[in-house]
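The form predicted on its own is given below as one chain in structure tokens.
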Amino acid sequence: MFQYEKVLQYPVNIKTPNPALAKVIISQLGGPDGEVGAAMRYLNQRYSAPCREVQAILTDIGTEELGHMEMVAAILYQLTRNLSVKEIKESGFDAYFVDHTAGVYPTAASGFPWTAASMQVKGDVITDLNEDMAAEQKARTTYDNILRLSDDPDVNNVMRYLREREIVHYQRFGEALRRTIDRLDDKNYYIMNPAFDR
């Protein structure tokens, strides 16, 4: 079903290692609003989506989020490559280094590792699409925060690209939600269903 191209969606070429910056960017990999959670959320929600159109949107965006995981991981790797012991200690990267060396491990900037408990799959299309829109806005806010903290143009160019994609995903989920609500109203299925009036 998936095809892998050995090319990132946007090039990642970080010239200057910076483990302190890696410590905050790691949240976009394994944090509560990161790319791992986004990919898993959408690729699992698609199974209970009521129509092929919503299933396709969830599959498309979930697959793209896998690509975003790869981009964030490439940034993290390049920011932490070839570090000296002195750089590790002075940057505060030592706690992470003890557990993972310079391996790319999905965790939040706070140090809390990624868990499926940080995402939601409800099986109700309106609930799930609202969750997805909120998730995209939270990811955009995290990218905004990273851009406030970073002064590395090589990093910031990639962050801006990823931030822009969060906005596009938010819009696509909004369109899917509007079309879904219109269909459900027409069928007297969900919003106006008397079985829910009590």
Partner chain sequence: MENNRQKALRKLMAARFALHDAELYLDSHPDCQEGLRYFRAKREQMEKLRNEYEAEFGSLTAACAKADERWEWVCGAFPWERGES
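Numbering follows the first chain given and starts at 1. Everything numeric in this text was worked out from a predicted model, so none of it was measured.
Note that the form predicted in complex with the partner chain isn't included here; everything after this is about it.
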Tell me, which of 43, 146, 49, 57 has a heavy atom within 4.5 angstroms of the partner chain in the model of the complex?
57
In the model of the complex, residue 21 touching the partner chain (heavy atom, 4.5 Å):
no
So in the model of the complex, does residue 74 come within 4.5 Å of the partner chain, heavy atom to heavy atom?
yes
At the 4.5 Å heavy atom threshold, is residue 64 in contact with the partner chain in the model of the complex?
yes
At 4.5 Å between heavy atoms, is residue 86 in contact with the partner chain in the model of the complex?
no
Quick check for you: of 64-72, 130-138, 35-43, 22-30, which stretch puts a non-hydrogen atom within 4.5 Å of the partner chain in the model of the complex?
64-72
Residues of 166-180 having any heavy atom within 4.5 Å of the partner chain in the model of the complex, listed in sequence order:
168, 169, 172, 175, 179
